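Form predicted alone, single chain, as structure tokens, below.
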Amino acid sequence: MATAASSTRPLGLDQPIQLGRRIVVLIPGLLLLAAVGCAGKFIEQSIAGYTKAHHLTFPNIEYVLWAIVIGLVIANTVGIPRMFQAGVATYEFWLKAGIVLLGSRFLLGDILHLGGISLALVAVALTLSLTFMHLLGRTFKLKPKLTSLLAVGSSICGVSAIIAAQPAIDADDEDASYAIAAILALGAISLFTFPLIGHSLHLSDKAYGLWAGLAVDNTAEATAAGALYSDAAGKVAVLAKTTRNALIGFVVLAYAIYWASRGQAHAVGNKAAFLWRKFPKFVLGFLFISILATLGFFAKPQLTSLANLSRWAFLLTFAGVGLRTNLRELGKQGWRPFAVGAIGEVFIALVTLGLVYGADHFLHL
């Protein structure tokens, strides 16, 4: 029986109350993201201050890496209590918000120039990676749909592409879990290997950022890998990765049509509506903010504020990358999907590195 208070409460109040409850649930996790991110920033600044004061030579390790490492330690020792999990899961939202706000630091001419080069390289890399991943899948005798998910994830945008493709091709939840686990594990490895390789080869900021954006799967890891090299490389990595992300709808549609033609997925009706559902909307937000910046819509103090907001959003994102990576769970998924993903990732990294080297030499990135 409804109480007197609930029976007299206007129906219109239910939605604000529910929204308030959802926000309250997110607060503990958001505070944890902020604490981990700020701890990473504090460690970076403390080490830099100490080495400068004592005239020591020590490589500057960006807060990005410290935040990820702190998150990894927490996630794989004490774990993430349930009360924090909902808020921590919002790190993907902050990633997209950070990318949209980052558009204020790009003029449209820069996007068209580098975006055109990136698109050409993406087309070559995508074709090679899809073909190679399917050859690997057959060699290791993986299930065809698991191979499709690994191919989509490694060639486009990691976990997001796998999640988008799974219902489109009617893949099993288990296949999606295996593919996601492999992509996450390899994304974590790339954070430590890519900057080392870039520095050893003395890549320029633009060349390295383009390579990270083309070769690293998940958008969060690609952004982090770029930022670990330099701020300029991080901007280029985001732009190149955004170019890849824009193709997700077309690739998923192609796979959906293929599996439907074999009677193993639902036929796609309205292809335009399908593409719009799968298209990452934050790409449009990034372009919109960039157009406004190009037209001089923002004053200089406003551009500074937008850039600072973008950095705060990425700070929460990088903390979430570490907190959401459970190494024990990744190890339970079996070795064959990981082996296919690892071999494929090495192949893609080498191919894209060669492409970037060529573009840098002939097109002077």
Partner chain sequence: MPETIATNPRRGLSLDVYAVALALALALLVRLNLIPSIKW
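This one's a predicted model, so the numbers in the text were calculated from it and none came from an experiment. Residue numbers count along the first chain shown, from 1.
Keep in mind that the form predicted together with its partner chain is missing from the display, and what follows is about it.
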item: Candidate site Leu247, Ala256 and Phe274: all three near its partner chain in the predicted bound form by heavy atom within 4.5 Å; value: no
item: One residue of Leu130, Leu72, Ala89, Ala185 in contact with its partner chain, assessed in the predicted bound form (non-hydrogen atom, 4.5 angstroms); value: Ala89
item: Sole residue of Leu30, Ile47, Leu306, Leu65 within 4.5 Å of its partner chain in the predicted bound form, by heavy atom; value: Leu306
item: Heavy atom of Phe93 within 4.5 Å of its partner chain in the predicted bound form; value: yes
item: Contact flag, Arg138 vs its partner chain in the predicted bound form, heavy atom cut 4.5 Å; value: no
item: Its partner chain contact in the predicted bound form: Trp335, any heavy atom under 4.5 Å; value: no
item: Its partner chain contact in the predicted bound form: Ala97, any heavy atom under 4.5 Å; value: yes
item: Candidate stretches 73 to 81, 138 to 146, 185 to 193, 97 to 105 - the one whose heavy atoms come within 4.5 Å of its partner chain in the predicted bound form; value: 97 to 105
item: Residues within 4.5 Å of its partner chain in the predicted bound form, restricted to 209 to 232 and counted by heavy atom; value: none
